[in-house]
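Given next, in structure tokens, is a single chain: the form predicted alone.
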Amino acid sequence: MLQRQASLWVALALVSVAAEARAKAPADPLGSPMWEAHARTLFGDDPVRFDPRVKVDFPMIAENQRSFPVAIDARAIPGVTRMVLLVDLNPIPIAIDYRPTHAAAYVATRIKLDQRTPVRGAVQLASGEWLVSGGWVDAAGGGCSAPPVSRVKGDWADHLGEIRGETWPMANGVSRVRLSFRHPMDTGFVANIATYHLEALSVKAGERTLGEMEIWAAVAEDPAITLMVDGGAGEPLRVEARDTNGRDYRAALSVARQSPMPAGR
């Protein structure tokens, strides 16, 4: 009996230590009321620190809270394996979770904003450590609860699944890929409209997966996504995506043969 009690106390102590470790996220320089909760959920027991080398670019004021441009650029950091776009005070806090397998540590898209909020980029290294940066954005709000324009016009089904893609060669064998999808990206917060959005995307060349991501309804209607993947001029690329209704989307692209863009753009 005493041995069982001792084992129980040891187990409870280990749980307590683990919980305390999870709670020790670094102090938030942005002072967000949701930072600790998001840090526990997203990072778990992994080490976390704030690092200005994670460049999160966005306008300081949201002129359109339904479609707000954000880019995360961590190309100055070696060994990035994962990139997450986090919006603290959105009802859907994660917009994208990207794994640049054979790609530069760069991703850009447009998101919805529900109120004034911190917008962050979090990148994970091969060591498991997370590096975080970001800033506050002023927004009027309501971006997650407003119906998509295509729903209001009633033509969303006529264009559902259309994909447009453009590619440009850059320096060092990297290609810039910009993808645009026609999709309502419903959040589920509009009356009588269920959640419906793209949930997965991958870019491939031959048998290689260059980059893949999970996508949430915090991404703006008709998603536009920019990546920088390995691949030279003339190399065919395949785009594959899936939405929450199980519908598949596919497209083929070729990198244009032209003078490479500068690496910093």
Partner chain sequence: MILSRRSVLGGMAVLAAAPARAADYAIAPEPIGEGMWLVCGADEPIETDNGGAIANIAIIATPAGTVLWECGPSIRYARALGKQAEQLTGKPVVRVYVSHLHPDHGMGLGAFDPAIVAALPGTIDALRAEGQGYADGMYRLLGDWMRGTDLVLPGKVIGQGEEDFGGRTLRLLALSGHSGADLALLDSQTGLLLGGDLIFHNRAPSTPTADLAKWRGSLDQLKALPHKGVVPGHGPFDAGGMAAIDQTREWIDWLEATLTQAVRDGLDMVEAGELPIPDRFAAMAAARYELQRSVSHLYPGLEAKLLPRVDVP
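Residue numbers count along the first chain shown, from 1. Everything quoted here is computed from the prediction, not taken from an experiment.
One more form of this protein, predicted together with its partner chain, exists but is not displayed; see below.
Put simply, of W156, F189, W168, W136 only one has a heavy atom within 4.5 Å of its partner chain in the model of the complex, and it is W168. This chain appears without its partner; in the model of the complex, the one residue of M213, V70, A217, L210 with a heavy atom within 4.5 Å of its partner chain is V70. When its partner chain is considered in the model of the complex, L253 lines it closely, a heavy atom lying within 4.5 Å. With a 4.5 Å cutoff on heavy atoms, N64 counts as touching its partner chain in the model of the complex. Among residues of the shown chain, D57 is one whose heavy atoms approach its partner chain to within 4.5 Å in the model of the complex. Using a 4.5 angstroms limit between non-hydrogen atoms, T226 touches its partner chain in the model of the complex.
Looking at 108-116, 121-129, 190-198, 91-99, the stretch with residues near its partner chain in the model of the complex, meaning non-hydrogen atoms within 4.5 angstroms, turns out to be 108-116.
Contact annotation for 163-179: residues with any non-hydrogen atom within 4.5 angstroms of its partner chain in the model of the complex are I163, R164, G165, E166, W168, R176, R178, listed in sequence order.
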